[in-house]
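First, one chain by itself: the form predicted on its own, in structure tokens.
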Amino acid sequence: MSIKEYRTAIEARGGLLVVKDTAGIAFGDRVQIKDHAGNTRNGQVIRSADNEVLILVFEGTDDLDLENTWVRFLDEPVEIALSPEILGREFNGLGVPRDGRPPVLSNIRRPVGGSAINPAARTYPREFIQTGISTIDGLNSLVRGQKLPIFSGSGLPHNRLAAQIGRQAKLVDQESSFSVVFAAMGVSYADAKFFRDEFASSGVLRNVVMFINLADDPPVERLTLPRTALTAAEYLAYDLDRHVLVILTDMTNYAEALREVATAKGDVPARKGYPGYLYSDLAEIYERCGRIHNRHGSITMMPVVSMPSDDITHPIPDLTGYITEGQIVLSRELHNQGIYPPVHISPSLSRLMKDGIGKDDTREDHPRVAGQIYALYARAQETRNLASIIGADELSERDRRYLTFADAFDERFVGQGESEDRSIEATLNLAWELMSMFPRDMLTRVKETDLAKYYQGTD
């Protein structure tokens, strides 16, 4: 740690502080800033030149008196202390406790930026994760080591869905639940309290570590929070051999903070004012999940991305879709009908589903059941559109059967209780019950052996 303090701050704007007459300061160095009131703020060097540096101040630069501001460069990166005692705790974006309990004392300290994983050391994501939610387990299955975001809109119950997944996620052949790293950026007091209460009332809080940045906390802290959370996840997964589920909400708030800082820095804006490096910045976060050879632990990630104006082509969900392996899309129409969780299966997708389901993972008929349900529901949606034009009374008997199926599917398969934890067996059996509304000859994507074993209709 340097004993030298600088009083050469010349500019403060948008959470950024410019200090001149500096030399030998490295990019990424941690900084302590003492203001005129004697309060200490934390920062990090994000640009370094021969005679001045640019510092990102996590607590913001409001009310800084530049003439009475002291800056000390600590010659070390931003780090957090790690130990098994982080489970059951709540921290801010810098790893400082928010729960009124003492700081974590440990000899293990890790930079929040993480370290690069050798691509050759990665192993392919596999092993089905049961979330207890039929639309995910049955049709868009999550596997261990996958990145599967939730695309939502304003006012939709993505927080309730994320909390339910955090409570229920498990490997079907193991009794132990996942350790959950929950990172919230720019959330309201009500949302933060909701997650605390949900994890506490369900008894999983002792297996959860929370990183919270509230809506009235400094926006620039949001840029560090997901990296701090993932550093904790890497410790739990690769040091303690735990299976870790990371939930990041809301990545749109993160991207808004990134745009704010980029504008203050003078970076050239790209789509909708976001910086051109938004893609690589998001990838830096998302790619820290996965599995590594010869390590028992793993990191599975479910980021929540709220879509401004429900626009799935907005830069944040658009770029997230390029980096991750699918998406779970929530529907405002289903939500308005009172269906929970309002998962819209048509645009939802899990690209790694095929690698985690089937005979040795879930059940031998699972891949074919998923394909058949998608085919029936796609035809049912076409029939709904036709009925809205010519009226349901003008439809053929077969088309009316599709309408009946679609209504039953939305109500019984998509809809389920917020505390209802369905096994994969229950999900597949329910799918067969709904498919049995059709005669055998219309179920063309399943095998005869499947029909003989599971078909419940009478033809």
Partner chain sequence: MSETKRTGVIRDINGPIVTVELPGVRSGEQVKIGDLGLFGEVISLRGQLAIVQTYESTDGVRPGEPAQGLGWPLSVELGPGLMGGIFDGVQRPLEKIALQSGDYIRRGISVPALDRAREWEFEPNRELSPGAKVGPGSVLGTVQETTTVLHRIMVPPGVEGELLEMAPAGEYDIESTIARVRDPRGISHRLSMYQRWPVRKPRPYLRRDDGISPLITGQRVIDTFFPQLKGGKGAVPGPFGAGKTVVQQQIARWSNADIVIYVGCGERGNELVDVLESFPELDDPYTGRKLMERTLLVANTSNMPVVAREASVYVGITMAEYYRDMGYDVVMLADSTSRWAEALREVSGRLGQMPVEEGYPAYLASRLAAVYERAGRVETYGAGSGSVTLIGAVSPPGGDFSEPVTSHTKDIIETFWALSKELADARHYPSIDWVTSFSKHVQTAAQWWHKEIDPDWEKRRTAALALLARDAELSRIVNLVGPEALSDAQRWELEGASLIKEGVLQQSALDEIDTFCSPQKQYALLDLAITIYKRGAALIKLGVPVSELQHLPLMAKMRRIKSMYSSEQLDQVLAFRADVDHAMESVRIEYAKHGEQA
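Residue numbers count along the first chain shown, from 1. In this text, the rigid core denotes the largest set of C-alpha atoms whose superposition between the two forms falls within 1.5 Å. Everything quoted here is computed from the prediction, not taken from an experiment.
Just so it is clear, the following notes concern the form predicted together with the partner chain, a form of the same protein that is not shown.
J.: At 4.5 Å by heavy atoms, is each residue in E90, G356 and Q456 next to the partner chain in the model of the complex?
T.: None of them does, since no heavy atom lies within 4.5 Å of the partner.
J.: Of these, 95-103, 333-341, 192-200, 109-117, which stretch puts a heavy atom within 4.5 angstroms of the partner chain in the model of the complex?
T.: Only one stretch qualifies here: 109-117.
J.: Does any part of R259 reach within 4.5 Å of the partner chain in the model of the complex? Heavy atoms only, please.
T.: No, R259 stays farther than 4.5 Å from the partner chain in the model of the complex.
J.: Would you classify A408 as touching the partner chain in the model of the complex, given a 4.5 Å non-hydrogen atom cut-off?
T.: It does not: once the partner chain is placed as it appears in the model of the complex, A408 has no heavy atom within 4.5 Å of it.
J.: For T313, is any heavy atom within 4.5 Å of the partner chain in the model of the complex, or not?
T.: Contact with the partner chain, yes.
J.: Just checking whether R122 would be counted as a contact of the partner chain in the model of the complex - the rule being heavy atoms within 4.5 angstroms.
T.: Judged by the heavy-atom cut-off of 4.5 Å, R122 is in contact with the partner chain in the model of the complex.
J.: Going by heavy atom distances of 4.5 angstroms or less, which of V187, L352, A264, L171 would be at the interface with the partner chain in the model of the complex?
T.: By the 4.5 Å heavy-atom cutoff, the listed residue in contact is L352.
J.: In the model of the complex, which residues of 317-334 put a heavy atom within 4.5 Å of the partner chain?
T.: Sequence-ordered list: P317, D318, G321, Y322, I323, T324, E325, Q327.
J.: Taking 2 Å as the cut-off, check whether the CA of E397 shifts that much or more between the shown form and the other one after a rigid core fit.
T.: Indeed, E397 is displaced by 2 Å or more.
J.: Align on the rigid core first; then say whether the Cα of P439 has moved by at least 2 Å between the shown form and the other one.
T.: Yes, shifts by 2 Å or more.
J.: Quick one: once the rigid core is lined up, does L451 have its C-alpha move by 2 Å or more between the shown form and the other one?
T.: After core superposition, the C-alpha of L451 moves 2 Å or more between the shown form and the other one.
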